[in-house]
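Read the single chain below, which is given as structure tokens and is the form predicted on its own.
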Amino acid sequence: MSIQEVYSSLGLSDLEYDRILELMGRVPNYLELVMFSVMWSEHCGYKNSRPLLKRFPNKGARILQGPGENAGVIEVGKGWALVFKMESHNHPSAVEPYEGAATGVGGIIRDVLAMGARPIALLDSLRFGPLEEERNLYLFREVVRGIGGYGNAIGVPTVGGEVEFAAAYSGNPLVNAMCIGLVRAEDFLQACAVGEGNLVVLFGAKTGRDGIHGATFASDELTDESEKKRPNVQVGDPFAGKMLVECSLDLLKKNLLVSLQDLGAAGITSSASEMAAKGGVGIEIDIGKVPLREMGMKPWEIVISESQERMLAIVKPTDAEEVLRVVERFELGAAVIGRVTGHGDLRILHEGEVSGSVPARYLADAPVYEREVVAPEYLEEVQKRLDLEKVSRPQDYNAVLLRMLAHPNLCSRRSIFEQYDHQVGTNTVILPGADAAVIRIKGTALGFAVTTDCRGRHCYLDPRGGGVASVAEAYRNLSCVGAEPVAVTDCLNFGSPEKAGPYYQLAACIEGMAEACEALGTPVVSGNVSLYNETEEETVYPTPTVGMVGVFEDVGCRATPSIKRGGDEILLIGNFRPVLGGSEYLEIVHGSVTGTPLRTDLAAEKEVYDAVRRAISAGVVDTAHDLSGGGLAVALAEMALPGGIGVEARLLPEGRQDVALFGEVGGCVLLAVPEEKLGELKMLLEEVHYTRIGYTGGNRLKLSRLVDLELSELGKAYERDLFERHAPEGGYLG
């Protein structure tokens, strides 16, 4: 095999190999070339996204740690801080869905753990193809099982998330996992190797061949050959993961660690080189001391293995013996496998000889590609102004609403979240199913809320506008439970950046997200980029998932979507100007993904959401729900169903009533308020526009003279089991 065939097989281009030769001043050996290949993969090196990511704001009053570490950190109050991040495990989940999802959860937990925080909550954001296709149903079922199987066993509650279905995801599902950890503000760590002569300790599970070249696998499109890459998917052990969490926290409590890093993509190579590069030092690793699960592993296999449940720690020589004793007490393996040096290299030793040596800064600094941003041709076609005259009006609004409520994109997620333990730790105060999850901080009045959101279809039709709308939706969801939105983590899921269309989508979505984060005061403190999400036939919708965290000064002042009393007034807050372009109604009922979606007025929306938050904090409002997918009719049904209390409302604008009922709009929130509190609410809303549209009571949903349904019939459609093969009885999906 020629040298070109060797480096090409590792995913390196001719230009990248030439750069390696220039940096090294010599021809690298195979081990060194393998280390470059994983560290310069898109998954680890962010070669195509780094220039674009600079657009994100990352400073704020509560920000303690922004991008550049394992996770971001924000201040909550009373000395407490939250650590959080989101990552993808898309390609592994496409070929081995259970383990791909499970190890995605394990990996994001370890990212938070590496910052010195106790993981206390998980969320997920999932995308699949239509469930009518057997393969998609299989992937969906196994991914959900994998998330629950790992999260439940490790003892971290899965408190929320989102899932959507579209044909664009059929060949390439998206599995994004988010974790939030709690730590004292003065105690969070940075993964930086310091102190020449300090020791490198590897602890946790043993190292095997699972996950080898996982980073490069995640940096290529999926093809028919991808099934052969099942060995690239890691295998998790949540019970070892639980011991790893408790062991790491115990070591930190005893002040035995200088720094800590998890072993994820690219394994020892990534963890050691990044720690060394940040600290401006070198690290020597003796691979003969790495505890192995399999015999006969080659040096290059050991250094890039992605075996799960492992951590790398920098330890003072005087503390090493005690560290090993503590790890043994937790029934985990541990070994001193190296030391911190002053030469600046990641140096791999084997049987007393140097097998490979590369300056750590070279490995941690992948080449960057800045590409021309050119709008793809499809946008002009799909953004043509929607001709309402060509969209037929419903003959039976009851049937349309039932059909929409039963659709997988709008129906209840109960069949998913009931598989998760969302109350372990007894801190979850708003359970899954609300606009955002709410968690308390024991021993204080403090709490936090968290949500994951993305408008993939919107991003496809209008990438920049979709990026804005995805951030705004997350801000709206946190505000509807009463939390002050503080900061964002993201997971940017796109196709190949080497193609003009996906690269334009990536650049435009980032621009829109940055604009929204600046206007709403929610900087981006951490995140992940997942590119090459495509098959030979299709590219996924641009899916820039937003994970947003908000805080409560008093977690007792919160709201949920569920109507709690009969006789409350229903108020619509904000300017109600619904559109059909890019709506769920247009796709579900008319089979069309076209038109210009709703436009986001960030200043006006912020005014609405902040006013809603003031009303919740003052104890005036305990029922709030945003208008989102499915429009006004779906939102009112979602408010009525949980508490079994009906709604009667009139329609607002003149003109087409299907637009009023099912069109989508940003910047609007529904409130249910006792009549005696309306005066106080009006003062809190200040200049924000609102309209009284109806009242609560009874057991029916009545919307003008168009919709009149018993809640039991609505519930039958809405509470469908997503894991069933066929549509629910009644043909609502017909």
Partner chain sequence: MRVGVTVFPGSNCERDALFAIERAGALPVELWHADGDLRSVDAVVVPGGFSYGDYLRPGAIARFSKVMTTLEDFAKDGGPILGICNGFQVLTEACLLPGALLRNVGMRFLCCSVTLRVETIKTPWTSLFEPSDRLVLPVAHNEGNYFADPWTLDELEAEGRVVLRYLDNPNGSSNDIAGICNAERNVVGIMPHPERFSDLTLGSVEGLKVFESVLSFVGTRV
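Residue numbers count along the first chain shown, from 1. These figures come from a predicted structure and were not determined experimentally.
Note that the form predicted in complex with its partner chain isn't included here; everything after this is about it.
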Contact with its partner chain in the predicted bound form for Asp421, defined as at least one heavy atom pair within 4.5 Å: yes or no?
yes
Is Arg558 a contact residue for its partner chain in the predicted bound form, using a 4.5 Å heavy atom cut-off?
yes
Given that the partner is absent here, does Gly344 sit within 4.5 Å of its partner chain in the predicted bound form, heavy atoms only?
no
Under a 4.5 Å heavy atom criterion, is Asp18 part of the interface with its partner chain in the predicted bound form?
no
If we test each of Arg440, Arg614, Lys206, Arg577 for a heavy atom within 4.5 Å of its partner chain in the predicted bound form, the one that passes is Arg440
What is the one choice in Gly433, Pro642, Gly195, Gly425 with a heavy atom within 4.5 Å of its partner chain in the predicted bound form?
Gly425
For this chain shown on its own, do Gly155, Met243 and Glu331 all sit within 4.5 Å of its partner chain in the predicted bound form, going by heavy atoms?
yes
Specify the contacting stretch among 363-371, 234-242, 511-519, 448-456, defined as having any heavy atom within 4.5 Å of its partner chain in the predicted bound form.
234-242
Across 103-123, which residues bring a heavy atom to within 4.5 Å of its partner chain in the predicted bound form?
Arg118
